[in-house]
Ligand code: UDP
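Presented below, as structure tokens, is a lone chain in the form predicted on its own.
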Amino acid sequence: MITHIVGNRPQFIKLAPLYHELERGGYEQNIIHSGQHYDENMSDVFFEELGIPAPSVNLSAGGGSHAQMTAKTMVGLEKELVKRKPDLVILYGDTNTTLAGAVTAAKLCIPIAHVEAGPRVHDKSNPEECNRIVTDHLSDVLFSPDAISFQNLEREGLGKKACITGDIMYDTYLSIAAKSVENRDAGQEEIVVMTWHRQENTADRGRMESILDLIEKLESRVVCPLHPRTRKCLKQFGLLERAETIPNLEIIEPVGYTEMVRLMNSARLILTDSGGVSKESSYAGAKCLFMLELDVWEDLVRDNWIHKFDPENTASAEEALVFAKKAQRVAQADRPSYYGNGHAAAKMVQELENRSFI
């Protein structure tokens, strides 16, 4: 039995191709959902459109502080893993769900595979960085999306457990993009797609105001599927009405992955604070403004595909606007290709078989 532990949108997207690949191999599987994302638009819709079965259990551990969420998830996971006795636990990304899964499975002596191992922002004040480091060191096999992530693991003495598979999100992206038809008329102005959810960008009124100032100055139509946390914080700070009346900002409800791919494929620029979306921008052919001064995806930053900035720093925000106004869609042949060929799931299954984990 293989148990997948997931809890948020990016993890569902990473899960889908590996679940299907293991299913083709005849392996018995089940899915545990921590409940970290508990809004239907952020959770249920992804299972439906990605063709993966509903989780065996939802731990309903969402909400609360980092410690509270992690603790609730660990308590629920321990009960489920003891009952199910899986031969392997597969974890995804860098969330509190991932950390809880790693500590709980390791304490129960269950082997762990970590999908998207090795990315580092080299800043332990970033909560996800702590989750990544602990999970990588507790895991038994590490699947790196790119060469830099693999090198990070080698520097930490984890090279023997690691292999480069490419990015599993690219598997899903290609699958969805092949089915998605861009409904953009020839000559229609391309949009800016925005995602905004990180605690660093939602916990402070001044920072949220700075982000709204930036949106107004972009001038282009900005389409933002608004995360529930961001909507709640805008409302708490008395900024929701302002956001809703910015002429060039179109706030929509959270969307499924198929619609997100369609939006990104219609964009000339992606404005985000999501590490996953910043990387996906290179698949979509739209350069990325990243709303944090973190070293995400170093190859893409070096190539000036991702431009990271601080919305509250005037000079940094002005540089970001210059970058934004120059941004144009990039043809397929000219997009970066650091993250494999869209067959990461098959490489992962082969690696698990070769190493006798399944």
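Numbers for residues come from their place in the sequence shown, where the first is 1. None of these values were measured; they are calculated from a predicted model.
The discussion below concerns the form predicted in complex with this ligand, not included here.
- Only one of 241-249, 256-264, 106-114, 81-89 places residue heavy atoms within 4.5 angstroms of this ligand in the predicted bound form, namely 256-264.
- Candidate site formed by His197, Ser274 and Val277: every one of these residues places a non-hydrogen atom within 4.5 angstroms of this ligand in the predicted bound form.
- Taking the partner from elsewhere, Ile13 is found to have a heavy atom lying within 4.5 Å of this ligand in the predicted bound form.
- Among residues of the shown chain, Phe309 is not one whose heavy atoms approach this ligand to within 4.5 Å in the predicted bound form.
- Of the heavy atoms in Met169, some are within 4.5 Å of this ligand in the predicted bound form.
- At the 4.5 Å threshold, heavy atoms of Pro225 reach this ligand in the predicted bound form.
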